[in-house]
Structure formats: C-alpha cells, structure tokens
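Structure 1 and structure 2 below are two forms of the same protein chain, each written out on its own as structure tokens.
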Structure 1
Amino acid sequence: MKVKVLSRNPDDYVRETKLDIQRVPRNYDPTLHPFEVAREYTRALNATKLERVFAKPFLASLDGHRDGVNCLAKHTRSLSTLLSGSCDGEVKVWNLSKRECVRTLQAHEGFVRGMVVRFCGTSFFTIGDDKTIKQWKMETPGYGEEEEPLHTILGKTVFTGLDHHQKEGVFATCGQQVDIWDEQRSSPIRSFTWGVDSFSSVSFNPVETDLLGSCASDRSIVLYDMRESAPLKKVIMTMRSNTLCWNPMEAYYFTCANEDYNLYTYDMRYLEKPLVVHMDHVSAVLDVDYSPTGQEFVSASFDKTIRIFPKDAGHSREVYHTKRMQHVICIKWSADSKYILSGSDEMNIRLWKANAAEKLGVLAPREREAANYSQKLKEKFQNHPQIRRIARHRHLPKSIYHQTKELRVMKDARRRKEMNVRKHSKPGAVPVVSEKEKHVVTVVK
C-alpha cells in the first residue's frame, strides 16, 4: 500500500532565531476565509470610527499681523513660504515649517488688495488702496538696506484684484476695468471693459495660459482671451460673485464663490447652466481655491467656516471651524495638496490639514499599507447607512447648525409653494426649472 500522512517540519514554519521576523505562510483559498463581506464591513466600520477619532485638522496659527488678513499668496517655487497682506498695508513673509514670520514690510497705505508671486519665484507684486502696483524682491534685504520696491506703478483708479501669467512676464489687474500689463511698461498694454464699473477679482487660467476670468459687480462673470481685443463672453447670475478660481487640471472648468451662499462650477464653453451647484455655506462665500490635484476645492465664507468640496459634488465633505476664527477672508490650498491656509478677520492665518485624519510625515511601509487599506475599505462601504452616518457626522457651532436648519425650512417652504402653484394652474403654465438653471440669468456673447 502507498500511504502519506501530513507531517509538517516545524523548522519550515517557525523562525530560526529571535532576531528574525515570524514566518507567515498564506493560503488565499476563500473556503478558509468565510464571512468575507461581513468582516470587511466590520473593518470598514472600525476604520470610519477611527477616522473620526483622529480627525484633528488644526495645525498652527500664525499671528503677527496687526489688522485683518486681506489676501494670501503662495510662493510658486517654495512650499514653505507664504506671503500675506493685511488691511493696514503690511505684507508679511512666513516660513511655514518654522511657523514664524521671516520678513515684514509696509507695502501700502490702506488695504493690500491683492498679491501674487511671479512664476519664477524671485519677485512678487502687490496692489493697494493707494492706487499703486509695486513689485518687490523675494529675498530679504541685507543689513542696513531699506525695504524698497523694485518697481512702482501709479494708477488712476483703485485696483481690486491682481493675477500674474503662468509663463510670460505679464500680469492683469482689475479695478474699474481689467488691464493687462507688461512688466517693463508702466501703462497697461490692453484694457477690457464691458459697461461695468467695478470688478472684484481676476484670475488667469493655469492650463490655457492666455485665458482670464473676472467677477464684475453687475453679478456677472466675464471671460477674456489675452490675445484678443474684446472680452469673450459673460454670464449674468442672480447674485454677485466674489472670487473665481480655475481648475488646475481641467482646462475649461472654473468655480466662482457667490454671495448667495453657493459656489458654482462652470464649463467655460457652456455657460448657460453651471455644471455643479455647491451648497452648504450659510453666509456669503468669500474665497475659493482649488487643490493642485484638481479633484477638490476649499471655500472660505463669511460664516466663520471653511468647507472642502469634491469637484463634482453638491455638498461639502469636510467643514473646519474654531471658536477663535472669525470671518474667513482668504484661503489657499498648499501646492503639495496637503495643507490649507486661511486668513481671517481676527489677524490670524491658520494652517490646517487637508485630510483631517491623515498622519503627516514619513510613514513606515506597513503603516502606509494599513492606511491605504483602510481608505479603500471606507470607499467600498461608504454607501451603507451606518457607515455613511458616522462618516458624515461633524460637530457644528450652534449658530451655524441653527442657521442651516432655518435655511432648509425656508427652502422647503418655497418649494411647497411652487408645487402648489403648479398644481393649481394649467399644466405647462408653470414650467419645472432645475436648481442649476435657477441661478443663471443670461449669457451674453
């Protein structure tokens, strides 16, 4: 007879010395691993709960300004440098890794309305309430030298917004009209007007570098091509937009932060209706900035909160607030897509994590694997009701919580009234207008 009985040599299954790692022979046969779905669900539930436990996004507060922070500018070459301009004309340069102010200069008398770093990173521009545009050197002046701008341009009217071209030595300002300036000239090379008397912000498209967008006070957003002599087209909405930001990954998409508590993402080619309406704020949205990945953006609002939205979702995935943070005026997403910087009314700049539960720094390979696995599990089971309830749960300040409920009641009431009107009138007399179409008045070419 032929016989073989299972006998395992312990030398093959037990480690040789205490200094080795343990041996872990694997067998992926599904019959040895029953209850796959239920166990993965339990792991996903645990991962979601732990994410809420570790969600501590606030990192640091940079204080030093003596008046509210009005604008922020990212350094185009260095991740650890940040520039901020305040309402008393002061500009400070910060080192984010040491969290201290490296340089202070009195740039303007009055507000610093806009700031931008040149694409090469060696100089930056500021505009102020004293109708000047000043260009400064990025390096700190040596001992005994005075802080002097490289170049000063005096304008005729107040400037309200500033942005620099991604590749050429050209920048755009807006005030009463949108001007395109060449760095070497002291008068604009081109001016765009369209019957509006004031513009609030201007922004260059980072992908199609010759396109600009601006927000005007007649509740419209105007698009320009730098190479043309007249503006391209404009879309007029129901309320005014404060700022505009282009998606750094998609050439055609931009998001505008509106006064009616919403943000609208438009496709430049089809301005008739926005792609997405992002609703979650309870007061005017003041600033918006995209993540360098182009998948998410962050918005700063007058209601003392910061919200992070995915680019194609109607509601926010995250909200940051602190008792000490008052109206958030300006916001930036750092260029490594890990941090968010917010400048607010109470003279502080705050540094936040973009993913609240993320562990920063270098992770060991097993840590990274475990984090990736948890992330994938959370995504897989995100629609199950228990997991969704835990993942969505956020603590909100009482005022915002009550305001959100009030707004919902108001919206329900309006909708009910419209439904009743439609029910009691001739069919077709009251057409159904989708939420997206409601906010656009017209598109003018």
Structure 2
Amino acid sequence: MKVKVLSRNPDDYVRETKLDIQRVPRNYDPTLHPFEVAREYTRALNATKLERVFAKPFLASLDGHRDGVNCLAKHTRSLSTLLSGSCDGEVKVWNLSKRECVRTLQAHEGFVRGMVVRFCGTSFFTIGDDKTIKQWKMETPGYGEEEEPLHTILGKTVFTGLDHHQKEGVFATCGQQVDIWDEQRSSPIRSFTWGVDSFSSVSFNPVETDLLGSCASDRSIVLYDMRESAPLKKVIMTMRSNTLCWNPMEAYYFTCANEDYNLYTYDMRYLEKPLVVHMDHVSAVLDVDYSPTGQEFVSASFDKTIRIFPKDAGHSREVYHTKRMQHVICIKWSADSKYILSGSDEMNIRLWKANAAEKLGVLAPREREAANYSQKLKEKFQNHPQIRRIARHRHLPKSIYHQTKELRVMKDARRRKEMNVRKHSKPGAVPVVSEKEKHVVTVVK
C-alpha cells in the first residue's frame, strides 16, 4: 500500500529568528493570479502619485555673494568643493557637505567672466573684465600668507570664456578670438579667428580632448582641432547661441543653448541640421551642462527656471523654480550625477536634487527594494494615459504658464498661415521645411 506524504524543507518557511519576516511561498503561475495586472496598475498609479507628493527638489541656498553669481566651476577631484565667481570680481570656494563658504578672494575688478579647475585639482584659473587670466592655488593660504595668484597674464582684450584641457597643461580662452595657452607661457601658442568680432564661450571635448567648440557673436558655432592651424567648420544659426556643452559619454554630440528659447543637440560630423530641438523655455537659454552619465542635461534660462532634458527628448522631464530665484545665469551638474547647482541674479547659489522625489541618505534594504519595485512598475505602465498625465503634470508660475500658452498660439498661427499659403500656391512652390532645418542658415567648412 502506497501512502502519499507531504514533504517540506523547513529552511524554506521557518524563520531563523523571531525578528525575521515570515517567509511566504509564492507560485508564479499566471493562471493562479488572474488580477495581477489590475493590482500592479493600481500600485503603479499610487507610486506615481506618491512620487509627485514627495517631489521636493530644493535642498539648500548658499548665500554670501554681494552681487549676482556669474559663473560656477566644479572641482575635478572633490565632490564637495564648488567655486563661484560673481559680478563684483569676488571668488568663493564652498564646502557643499557643510554648506558653507571656506574661502573668499577678490580675484578681479569687474565681472568674473569664467572659471575652471585644473584637471589635477591643485589649482584653478579665473578670467575677468580687467583683461587678466589668473591662476590660484586650490589650498587656502596658511596663517600670515597673503592671498596672491600663482601667475597673472595680462591680455590685450577682455576675455569672455575659459576652459581647461582634460589631460595636459593647456587651456583655452575666448574674447575677440579663441586663444590656446600653455600654462608655462605668457602668450598664446595658437590663435583662431574666422571673420567674427567676438566669442561668448569656449569648451573642450572631454572625450576627444584635442577638439573644442565655441559660440560666436555672428550666430555661429565654430569647431576647432587644437592640432590644426585653422578652424574645422562652423554652423550659422538664425539666432545666437550663448554657450555649448559636449556630451561626456559620446564624443561627437554637443548641445548649445540658444537665444530663441530652445536648445539644440548636434552631431559634429553632420551639422546641416540638429539631431534634436529641445523646446520648453519661454526666454533665452543662458547655460547648459551635461550629467556625467551623458543621458541628460540641465539648462538655465532667463525665464527664472531650470529644466532637465533627456538627451534625445524634445521636451523637459522636470522644471525647477522658486519665488525668490531670478534670472538663472549659470548651471552645473555634480560629478556624482545626484545634484544640480544653479547661480542666479539675486546673489544666491542653489542646490537641487537631480531626481526630485529621490530619498537621500542611507536606505534600508527593504526600502531600496520597494523603491526599485515602484520604479519598475512606473516604467511598465508609463504610457497609460492616467499615469502619464500625473507623471507629466507640473505646477508653473503664472507668468510662465501664460507665456507658454501665448507662444503655442503664435506657433499655431504661423503653421496655419504657411499651410494656407501652400494651399493657394503652385505645387512645390512653398516647400515643407522641418522644425530641425528651420533654425540652421548654413554650414561653412
């Protein structure tokens, strides 16, 4: 006679201590869970709503400057160190973990136009309206020592932009021309001009380190190779670009911040039209900086907001603003990809979370698993209308809300007019121009 006996391994369901969570056996057969999708949808909806409830991106305000913050610089080796330069020539070094200023120095007369930390992190460079380039020690001077620059270079014209090479003792400045300097010499080793009266910014490529790009006053973006004697090529747009930033992960791509309220991501090999046009701002975009992952970038605008864009999306995923924040002049994304730093007109530097609803600090294992589970559910149901509506909704200041509405009306009117003209013209007389091609005038090689 056969007797069937249930045989269980106690390790599968017995707790090791009475403080452990009860182990629950789970059968993953979908036929046994007919309402699983409905249950998961409800959880995804709740997770999306809770994300909006807990979205509190603003962390701290660093005040101490006596004039508008004009430029920021990240330390290349220290996450918690930030440098800022203001419109009265003052430079401050901040400790972000303590959220306090550790050093102040009067670097220039007039504006501090640009700052950059050397790749090794031992010193930093500043440029100002007094036509000088100064190199400063990163360490605070000891007791009795004077706050003096290591080197001072007097230029012939005002410098407007500055960037340092990623691997060598070479830096670039721009003003009336783009100059390449060796740290050991007081005159530029190479100068580039291309029929332009002034440049607003210059930036080295972090991957292909000999390439650099600059934005010029004739509405053009010019690309250079440091090893060549002449610029490579330039693209002329309908309006002027204020600054550009290279993607730190993909060497060919860069994004420029334009006066026409948009940002444009280009492939430097094909400048005939941008890869993506990023729209949402309602005033000139003044600065842009990439996340270290290369997947997103943050932009600062004259419309008093900060926006975070995915690199391949036309619209922002996040917008940050406060009542007190005025025109945002400079922006930086921290090297650990978790924080964003902005400098604005009303003398404050603000620290924001890159992910608005992220919980900071040490997470318990169960907490982390719950967050990961919620994230996966939100991704699974992200295209469902109800969830997408809640995830995308943002409260905007009244002025920006109305300006956005007005811009949309103007755009629709232009499109309607163009369609009417095309309808009453000969076939092919009014060609269809895509949004990407509208903003590029020509490419010069």
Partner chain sequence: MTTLLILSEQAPSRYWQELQKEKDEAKDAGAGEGNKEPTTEEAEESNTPKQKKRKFKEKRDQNQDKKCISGKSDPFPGKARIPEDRLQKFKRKEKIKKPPHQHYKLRTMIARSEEASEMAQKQAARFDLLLPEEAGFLEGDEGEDTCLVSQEDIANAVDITSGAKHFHLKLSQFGPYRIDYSKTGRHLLIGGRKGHVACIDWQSKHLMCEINVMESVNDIKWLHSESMYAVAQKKWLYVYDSNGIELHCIRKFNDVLRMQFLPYHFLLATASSTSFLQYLDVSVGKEVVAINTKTGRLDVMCQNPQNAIIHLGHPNGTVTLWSPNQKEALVKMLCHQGAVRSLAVEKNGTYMVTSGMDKKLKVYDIRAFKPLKSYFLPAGASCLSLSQRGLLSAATGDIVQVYRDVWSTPVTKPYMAHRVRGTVWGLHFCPFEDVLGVGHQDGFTSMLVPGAGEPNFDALDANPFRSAKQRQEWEVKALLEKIQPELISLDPTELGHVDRATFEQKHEDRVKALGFDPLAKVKFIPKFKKKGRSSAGHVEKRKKQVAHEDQRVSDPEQEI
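Basically, rigid core = biggest C-alpha set you can superpose within 1.5 Å across the two forms. Residue indices: 1-based, along structure 1. Computed from a predicted model, the values in this text were never measured in an experiment.
Review point. The form predicted alone: 1 or 2?
Key: Only structure 2 fits here, because that chain is the form predicted alone.
Review point. Residue 428: with the rigid core matched between structures 1 and 2, does its Cα shift 2 Å or more?
Key: For residue 428, whose C-alpha is compared between structures 1 and 2 after core superposition, the shift is less than 2 Å.
Practice item. Verify the C-alpha shift of residue 20 between structures 1 and 2: is it 2 Å or more after superposing the core? Key: Passes the 2 Å threshold, so yes.
Exercise for review: For residue 9, give the CA shift between structures 1 and 2 in Å, the superposition being done on the rigid core.
Suggested key: So the C-alpha of residue 9 has moved 10.7 Å between structures 1 and 2.
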